[in-house]
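Take a look at this single chain, the form predicted alone, given in structure tokens.
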Amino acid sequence: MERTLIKETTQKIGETVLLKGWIDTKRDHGKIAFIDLRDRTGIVQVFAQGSQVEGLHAEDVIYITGTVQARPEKLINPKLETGTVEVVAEKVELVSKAAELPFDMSKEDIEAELPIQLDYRSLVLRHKKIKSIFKVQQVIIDSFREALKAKDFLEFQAPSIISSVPEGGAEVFKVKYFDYETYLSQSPQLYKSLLVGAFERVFSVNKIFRAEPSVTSRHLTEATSLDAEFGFIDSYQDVLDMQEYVVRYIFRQVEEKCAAELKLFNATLPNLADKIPMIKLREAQEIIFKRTGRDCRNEKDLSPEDEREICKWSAETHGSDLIFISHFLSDKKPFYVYPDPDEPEFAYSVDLLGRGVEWSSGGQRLNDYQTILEHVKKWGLKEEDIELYLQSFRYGVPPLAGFALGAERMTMQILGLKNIREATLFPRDMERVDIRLSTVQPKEKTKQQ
């Protein structure tokens, strides 16, 4: 018999079906029992004889042959899409036996600390609420692609192994590449910029790697970056407009396609004004000083506390949970940033903050070859380390700009999660690569012994 998916059972009343899935919960009443059977499409209630399901428990994989019947009106379960039907089991076959569970998976929220949940990641990912996080993330990523394709952007895949570290900033992971030393990429920035010279508009969904020695609720060593770059801009305002268009598109799609998932988390999408407000870094720092008395007016960047405060100000003043911060110090940014001609010490560099956390960075890039060379020398870089990038600009690249959104951070902030690891299928940080690194003896020590 051909398999019937659980969501299809409402259309098969009176028919005999073959269902395949996991036991979500089992309620044993002696001679009779009820099983909530789960597959990728949903959950359905199965009525069985106690003897048919004896010894079975949650997460066992079973096949059930049975008849679909309508539930009496007073027994309809409005919380289930299949709540108007149940399946009367004729045959129950155990296919794969699950070990005893380390915690109760049937509760609305898993009652285990996050590190424990990550230790049992393959099991936790089966939980309805946890799975819904990644349905939302899928829509975020798909919507990013759709929005840019509608604007005639070409998708490309950026390399993860690079020959040098031209951007500076966060520490990098070194990789032994045959007889050479290479690095894991911190960003596809140089590749997407040089591709503007070939395709004009490009984007990439790719992994980036940051060897930052920190363990916080908002940092990962491996993250998903949603990068876009485009040419023939008139000013850095163009990158703000393009990014706002993309973010609004993503929000609309999440609202339309993820209503059930948002409800699970009691989450609402961020409020947006008619236009996302934009202020300069020094303006933001002055506002923070006036509001809190905390003097950050000479700092090169906003601290996490500052980001939360300026987002509160934006929400109160502009009715917007998102705000652009521009004009960061030029010499604290990578060599390719475009200085404001009126304030050369500040760059046309822009961060997007949302609900107290940075969502993206971007801005206008240099496109004049000689100016780029001057910046390369000023930043203390070697031309040979970025020859491929320079080659593109040597042969002419139009004025360009771009941005990069963090998929995990967007997911975290939309759903109101407390830790970015919750929004990451398989988080990597200083303490974990699938398993807790504290449980593994370092190779260096092993060699010494």
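Note that residue numbering follows the sequence shown and begins at 1. All of these numbers come straight from a predicted model, not from anything done at the bench.
The following text describes the form predicted together with a small molecule, which does not appear among the structures shown.
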Which is the contacting stretch out of 209-217, 79-87, 340-348, 275-283, given heavy atoms within 4.5 Å of the small molecule in the predicted bound form? 209-217
Looking at 311, 223, 92, 158, which has any heavy atom no more than 4.5 Å from the small molecule in the predicted bound form? 223
Among the candidate residues 244, 321, 358, 200, which is the single one with a non-hydrogen atom no more than 4.5 Å from the small molecule in the predicted bound form? 358
Whether residue 420 contacts the small molecule in the predicted bound form should be assessed with a 4.5 Å heavy atom distance threshold; does it? yes
Consider residue 58 of the chain shown here, and say whether it contacts the small molecule in the predicted bound form, taking contact as heavy atoms within 4.5 Å. no
Hey, in the predicted bound form, is residue 404 touching the small molecule, heavy atoms inside 4.5 Å? yes
